[in-house]
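Coming up is one lone chain in structure tokens, specifically the form predicted alone.
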Amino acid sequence: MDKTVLITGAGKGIGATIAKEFASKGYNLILNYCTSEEETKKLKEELTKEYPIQAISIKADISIEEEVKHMVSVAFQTFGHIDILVNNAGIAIDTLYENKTVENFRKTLDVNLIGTFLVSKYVGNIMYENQNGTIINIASTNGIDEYFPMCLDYDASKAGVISLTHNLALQYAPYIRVNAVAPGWVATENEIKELDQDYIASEQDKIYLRRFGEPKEIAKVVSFLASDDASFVNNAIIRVDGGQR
């Protein structure tokens, strides 16, 4: 296989697991990071040692347009093409509603929504010229119908990502498929490390499967959407939440 995937926020959590899934299928990797340099470079070394693939890691704050342009330029210079884009990078600044600041809100929107737009624009326009490509956005059930006032800025940003997904699917038709995966609770270190056991139990009780998801369960759906098996799946928002109520 001579296919290449760019994954933003690839250094840890769901992003790293997505990278492992694509590497196992023979994709070359472009691993973006902003702050997780050590983790990303370690991941690159591990995956290129384990699988017969090529990989590069690129630092870029996806909320800054010039850094996105540079990242995309390096990626295309290295591999000549990007077949799959996974917009995974995101942040959450969880604080009590009364403590929320404009700075919190702007930072969250800048990374989660504006960043997704910028990377999609600079990768997607070249994909469109080549008449080939797939974009997969990582949204959240928080952007659909799971509301938490302490992360309302995050929720708003993910609702924006869902709207962006629909608009990009229209903009890039008929050459690029654009879909989003909307995870519910996922058992990553960042997501559960500060939660007490009673709260975890109460949230799991809202899920039909009575547990949080695993990062690999998100990665498998992303991998499916990138594959030819999903060749007629477009403009879709796929919940991966264990049946949440």
Ligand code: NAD
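From 1 onward, residues are counted along the sequence shown. Values in this document were obtained by computation on a predicted structure and should not be read as measured data.
Although it is not shown, the form predicted in complex with the named molecule is what the next lines describe.
Checking T134, T108, N88, T165 for any heavy atom within 4.5 Å of the named molecule in the model of the complex turns up a single hit: N88. Within 4.5 Å of some heavy atom of the named molecule in the model of the complex lies at least one heavy atom of W185. Though the partner is left out of this view, K20 does not reach within 4.5 Å of the named molecule in the model of the complex, counting heavy atoms only. Within 4.5 Å of any heavy atom of the named molecule in the model of the complex lies no heavy atom of I207. Contact between I62 and the named molecule in the model of the complex is found at the 4.5 Å heavy atom cutoff. Remark: of stretches 145-153, 89-97, 121-129, 171-179, the one touching the named molecule in the model of the complex is 89-97 (heavy atom within 4.5 Å). Residues from 4-24 that approach the named molecule in the model of the complex with a non-hydrogen atom closer than or equal to 4.5 Å are G9, G11, K12, G13, I14, G15, in the order they occur in the chain.
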